[in-house]
Ligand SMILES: Nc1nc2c(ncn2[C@@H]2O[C@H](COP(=O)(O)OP(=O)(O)O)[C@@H](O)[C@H]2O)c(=O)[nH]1
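In structure tokens, one chain follows: the form predicted alone.
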Amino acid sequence: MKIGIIGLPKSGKTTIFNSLTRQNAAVSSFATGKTGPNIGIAKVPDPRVGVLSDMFKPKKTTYSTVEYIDMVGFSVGLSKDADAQKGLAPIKDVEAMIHVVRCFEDESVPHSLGNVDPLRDIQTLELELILYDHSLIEKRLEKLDAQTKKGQKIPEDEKALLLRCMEALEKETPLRALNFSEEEDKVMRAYQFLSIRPELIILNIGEGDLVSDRVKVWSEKADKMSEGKEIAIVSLCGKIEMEISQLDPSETSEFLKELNIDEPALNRVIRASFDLLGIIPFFTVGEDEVRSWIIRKGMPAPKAGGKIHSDIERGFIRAEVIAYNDLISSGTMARAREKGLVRLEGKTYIMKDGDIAEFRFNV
């Protein structure tokens, strides 16, 4: 899974990226002439994987991963800046976007728009995404109209879809807020629109605002602004989260305790991203490997097996499934079988969050 990190310049995007991926990308890299994105992989924190690993003691333990792409800061006027648009290629393949919004004050790092105003910044970048998508549709409709004037046949269904999208965009409604059929989704994917992707807004606050009432006010107002637009909101202090990510695991618990924090806020970022995208994990276990896999909610067992290997989906017979909680309460897989908690499921079975599965197939 790929998630793009976007935001206005000096919003703290790279700090968030470093926190998620435990990297040390220079936070000033884009300001000093770097034009490409930072790319990194993050393990999905799921304590269930560790518990299963302790139970089965495999040779290898593998967590699910997310690829994060830290994009160059988006500037006002993106939709009309051809040079800036050339740098958008990496984000066109992402499944969701994290929009980092600056809420911290720092005189040494001037805000790109003059002053800190989170709600304005959210609206500004959202509008840039909308204007960019509008320009794509405008160009495509011009081509279709030119073909019509030449007497050429055009895809009328596509034109009607684009006109519906343009109407929404002209009302400053992002495409992610619209409902599309499966056929329409296929057409939309070809255009690689930006405002169609689900978005997680991170309010990047200062250390002094960890217990501030104004963070709550910002969150409530941002939530109201984003209602019905497939947007989730999380607030955190990027500077502190980056410090946590650089600590040795043995030191993390004590540091969190000192700050009166239950867990790194970036765990919430990953969970919120999964909720936004409708993603759940399932597990495979054994002496060789305990592994977490991520799939879309509503995915049937054969397709879930296909995430492991295409042969499993192609030759699927059935899946042997047990819920994570049932296995843990039983203590061992053998005891769970005795209690009748291990089930054989067919092709129509819909995988659940935390299912532990072994797939039977023949090709």
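The model shown is predicted, which means the values in this text are computed figures rather than measured ones. Start at 1 and count along the sequence shown; that's the residue number.
Another form exists, predicted together with the named molecule; not displayed. Remarks below refer to it.
A heavy atom within 4.5 Å of the named molecule in the predicted complex is found for exactly one of Phe193, Phe104, Trp218, Phe283: Phe104. For the options Asp145, Asp213, Asp223, Glu207, the one in contact with the named molecule in the predicted complex, meaning a heavy atom within 4.5 Å, is Glu207. Among residues of the shown chain, Lys229 is not one whose heavy atoms approach the named molecule to within 4.5 Å in the predicted complex. The named molecule in the predicted complex comes within 4.5 Å of no heavy atom belonging to Thr21. By the criterion of a heavy atom within 4.5 Å, Cys237 is counted among the residues contacting the named molecule in the predicted complex. Ala323 falls outside the set of residues with a heavy atom inside 4.5 Å of the named molecule in the predicted complex. Residues placing heavy atoms within 4.5 Å of the named molecule in the predicted complex fall in a single listed stretch, namely 199-207, out of 116-124, 199-207, 132-140, 178-186. For the partner-free chain shown, Leu8, Pro9, Lys10, Ser11, Gly12, Lys13, Thr14, Thr15 of 1-25 come within 4.5 angstroms of the named molecule in the predicted complex, judged by any non-hydrogen atom.
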